[in-house]
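Just one chain follows, in the form predicted on its own, and it is written as structure tokens.
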């Protein structure tokens, strides 16, 4: 098996185990067994469990961002279409909970400040995700060049991510009681209201 394929197998196993057991409950021996590769192969690709964990989160983040950017609306899109894009993206994020939101959320809550290097890499993934959403808002909503473009876009991007994380956690406890589609619809209403209010401030 070539190096690239073995690395992907290791990451696949690590993602699944980390999302099920958390950081403390996932050891190199378990990843070795799940991937079918010896521990020596894991350490050949990754310096430590922390390095492997960060790489697994980064891969899930990159996959999510690739899908997000591929579906991004063009510059001719209306504000409502942009809001709809964000809403659909968040709903899709909810469907990918085990390998994206759940993994990064659980790891962030579990490791806290005990693994500063890992936490920093988790933060970078969040910043990249927020940056994609913010950049689209700045471009597509026609806010570039105004005095409130960056604050408005960042505000909505942060709201979107906070909403998605909160709804995803709630679904862990109430899988049948959380209507994600309705939540997304409510978020879209809020985003439209915020956008309209800020644009009115600029034009006044």
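Keep in mind it's a predicted model, so treat the numbers as computed, not measured. Numbering follows the first chain given and starts at 1.
Not pictured, yet referred to below: the form predicted together with another copy of the chain.
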Checklist entry - Here the chain is shown alone; which of 58, 155, 51, 33 has a heavy atom within 4.5 Å of another copy of the chain in the predicted bound form? => result 155
Next on the checklist: Test of understanding: in the predicted bound form, would residue 198 fall inside 4.5 Å of another copy of the chain by heavy atoms?
Outcome noted: yes
Item to check | Proximity of residue 126 to another copy of the chain in the predicted bound form, heavy atoms at 4.5 Å | outcome: yes
Checklist entry - Is there any non-hydrogen atom of residue 29 lying within 4.5 Å of another copy of the chain in the predicted bound form? => result no
Checklist entry - Heavy atoms within 4.5 Å of another copy of the chain in the predicted bound form: does residue 174 have any? => result yes
Next on the checklist: Can you list, in sequence order, the residues from 11-42 that come within 4.5 Å of another copy of the chain in the predicted bound form, counting heavy atoms only?
Outcome noted: 20, 21, 24, 25
